[in-house]
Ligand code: AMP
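First, one chain by itself: the form predicted on its own, in structure tokens.
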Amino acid sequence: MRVLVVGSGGREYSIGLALKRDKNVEEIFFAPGNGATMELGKNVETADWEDLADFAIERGIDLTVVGPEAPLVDGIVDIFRKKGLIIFGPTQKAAMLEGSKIYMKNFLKRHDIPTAAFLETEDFEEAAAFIEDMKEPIVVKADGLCAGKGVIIAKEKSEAKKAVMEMLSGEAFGDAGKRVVIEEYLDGYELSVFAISDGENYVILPAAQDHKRLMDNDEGPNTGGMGAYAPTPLIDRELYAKIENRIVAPTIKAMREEGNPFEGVLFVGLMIVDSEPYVLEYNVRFGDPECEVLMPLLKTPASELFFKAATGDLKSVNIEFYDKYAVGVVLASENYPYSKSKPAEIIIDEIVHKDLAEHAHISFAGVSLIEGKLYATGGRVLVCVGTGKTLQEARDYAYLLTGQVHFAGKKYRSDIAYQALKSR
């Protein structure tokens, strides 16, 4: 099987790693990939999605897997399917669950799926009046795609109004913020739950927990994610059942009934308040860095899972996961998430410890190959992933690996998985 992976980050590298160990896969292409994906396959530069679809036809690609949200919202799946290609991901209409927060919130409201109270608007005066009646803190979200950064948690009403003004004016997030969602703040803990769906059938993956804040103890600004782990012990059978019955199953059913069957990865960002799940957001692809810790847990060949979901035949495959834990620690560049950093050469020590080599690996993200050397050129540079029989063991391997990687300005959180370990 020849597989094309669309994207360039750590998520796509991790999907590539899973496909690399898959006996069904003979060749992997990345579009555009990064400076390290060339170790797994071949990087492809194309002008647009039509061009990429033509490439897939020419090279006999059997399956395309889309990593990021932007191509899905752009309609890459529709383009590929019109040309008779098999592609894993939702259509452009189904991708609106992530493409528009207003669409998402109204979908939740329409189908009585639990979420925070909210207002959608493009009018500042209406927003300001709504904010005045709310309790602090207050959540303000840009409607469109903002690479995971379009959410402001305002501690005071004045801060919330300022955030709304900056979004509506286009100053904060351009056109993505020209409409906003203002919603009540839910006080609990976050979980990431992923379901693979073929439009009718679905399978729920082990729940993960992301760490969005830049610094330890969840301090500092929000980022794209500074680390993750799975499965999380912060969820039990009862909570899994609530999430499936109240959220996942109704979502898949409602999308199908509305004429937009959801095929691909449904990522439900949840807030758990007093053991009750509420939807914070939907995403229509694997999270990053959650994908980096889910792929090592997947026992079923990745190509089989993606292919069956893309062809409406998920019920015919037995999806299995290893009985172990995975922890991922993001190493970020010096100025992340505030501004770009200067390119920095990455030096990786030779791993002589057999157990570390067996239980840890790197998923590369913001890296480029310059004159034969690997450089950190992105915000989130790479993810050190550890696996183990216990969460503590997986965490220890991940942090041991961070000590083997060096580049100027390297920074990372030292407390990934702290909530789960503290609760034990």
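Quick caveat, the model's predicted, so the values are computed rather than measured. Start at 1 with the first residue shown and count on from there.
Form predicted in complex with adenosine monophosphate: not shown, discussed below.
Peer 1: Just one of 171-179, 311-319, 278-286, 124-132 has residues with a heavy atom within 4.5 Å of adenosine monophosphate in the model of the complex, so point it out.
Peer 2: That would be stretch 278-286.
Peer 1: Within 4.5 Å of adenosine monophosphate in the model of the complex: all of Lys101, Ile153 and Glu183, by heavy atom?
Peer 2: Verified in the model of the complex; spot residues all in contact, yes.
Peer 1: Which residue, Lys93, Lys324, Lys161, Lys212, is the contact with adenosine monophosphate in the model of the complex, using a 4.5 Å heavy atom cutoff?
Peer 2: Of Lys93, Lys324, Lys161, Lys212, the residue with a heavy atom within 4.5 Å of adenosine monophosphate in the model of the complex is Lys212.
Peer 1: Would you kindly say which of Asp216, Glu190, Asp78, Glu334 lies with a heavy atom within 4.5 Å of adenosine monophosphate in the model of the complex?
Peer 2: Checking each option against adenosine monophosphate in the model of the complex, the one that comes within 4.5 Å is Glu190.
Peer 1: Considering only heavy atoms, tell me if Ala207 and adenosine monophosphate come within 4.5 Å of each other in the model of the complex.
Peer 2: Ala207: no, not in contact with adenosine monophosphate in the model of the complex.
Peer 1: Taking 4.5 angstroms as the cut-off for heavy atoms, does Ile196 touch adenosine monophosphate in the model of the complex?
Peer 2: Although adenosine monophosphate is absent here, Ile196 would stay clear of it in the model of the complex, with no heavy atoms inside 4.5 Å.
Peer 1: Answer for Ala116 alone: is it within 4.5 Å of adenosine monophosphate in the model of the complex, judged on heavy atom distances?
Peer 2: Result yes; Ala116 sits at the interface with adenosine monophosphate in the model of the complex.
Peer 1: Please tell me whether any heavy atom belonging to Leu85 falls inside 4.5 Å of a heavy atom of adenosine monophosphate, as the geometry stands in the model of the complex.
Peer 2: Leu85: no contact with adenosine monophosphate in the model of the complex.
Peer 1: Within 4.5 Å of adenosine monophosphate in the model of the complex, counting any non-hydrogen atom, which residues from 258-272 show up?
Peer 2: Residue within 4.5 Å: Met271 only.
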